[in-house]
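Just one chain is shown here, as structure tokens, and it is the form predicted alone.
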Amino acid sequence: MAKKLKIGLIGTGGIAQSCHIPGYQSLPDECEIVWACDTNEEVAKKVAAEHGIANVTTNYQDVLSDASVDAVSITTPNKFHKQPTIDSLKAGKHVLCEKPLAMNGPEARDMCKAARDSGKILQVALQQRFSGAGQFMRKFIADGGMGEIYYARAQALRRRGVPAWGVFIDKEQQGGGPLIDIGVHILDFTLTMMGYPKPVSASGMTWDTLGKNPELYNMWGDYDRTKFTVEDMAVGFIRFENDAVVVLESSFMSNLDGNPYGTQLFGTKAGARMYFDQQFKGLEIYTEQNGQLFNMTPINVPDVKSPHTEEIVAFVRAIQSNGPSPVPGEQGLILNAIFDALYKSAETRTEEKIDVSF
């Protein structure tokens, strides 16, 4: 039996409590959370008491100095992803870092270099690829069912869904708004289906008028509109080295029907539509056989109760097997570099190049 892994939590807020802790606890014979670290000591102590975590600290260096710790989850605000990740890797710990990997491309580049130098796993917490639809489509695509995917339309749109908690409306701590908060998930899912082609340039536009308007309803409660410094909507046109194109749409607030969250893939053999929100839920495949057009609905899609748990399981198993990262830091860098280009394009009103080297 593989060694029981010792895990440290750097950040014990909502995402740690709702996703990371249940994920590790789903494998009680394979891993154990031994540290709870948070700058808010009261929260760290509360989480530790609720989940039987032995050690509590407000300084993540205490976690890293514990030689028994094998890996850490970093679930801090985006601004505080980079240094704990680099320090953890240098201390010989495997790292599962919440999305987005970093505030921007340069930070992500430094984190990827640290992972390469350390030889440890750096995994980005992007769980949607572990969903049932994600697992089914990856096999369907690998078996040649789609042919070459040359275009995709990815959407992570909310009609009135600004997070009224945390620091989601603060650009200084988040790096951006819906683009890097929820757009990151659907873009990663889309690029995973496409084999993660190398991006070369992007053109984008952002708006912030709705998010700053105090007269508008928000389904998750009110927030200080004067402190809203991120975009409320972003769209982008992304070109790739293989001539594929992705159009990305993401919003916290926009005047539309429902909250579409999913992607549409266009291939030379078939197309596919995968939406995960209630209104547009489902997986359909569109193809042609013998001159007849078919809309197909798979019935053997894997039943995945929690993609968040699946990503934790994948992280643990990769450590145990000394395997590659299930969601490599390099792919997190690609996402950050794309967002940098889209944000810059929104300012310059020109198409911007994308650099994913490190």
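Quantities reported herein were computed from a predicted structural model and do not represent experimental measurements. Numbering starts at 1 and runs along the sequence shown.
What follows is about the form predicted together with a small molecule, which we do not show.
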| query | finding |
| --- | --- |
| 4.5 Å heavy atom contact, C37 to the small molecule in the model of the complex | yes |
| In the model of the complex, K82 touching the small molecule (heavy atom, 4.5 Å) | no |
| The small molecule contact in the model of the complex: T263, any heavy atom under 4.5 Å | no |
| 4.5 Å heavy atom contact, I15 and the small molecule in the model of the complex | yes |
| Which of 236-244, 96-104, 136-144, 221-229 sits within 4.5 Å of the small molecule in the model of the complex, heavy atom basis | 96-104 |
| Heavy atom within 4.5 Å of the small molecule in the model of the complex - the one residue of Q155, N78, T190, Q123 that qualifies | N78 |
| Heavy atom distance at most 4.5 Å to the small molecule in the model of the complex, all of I10, F168 and D181 | yes |
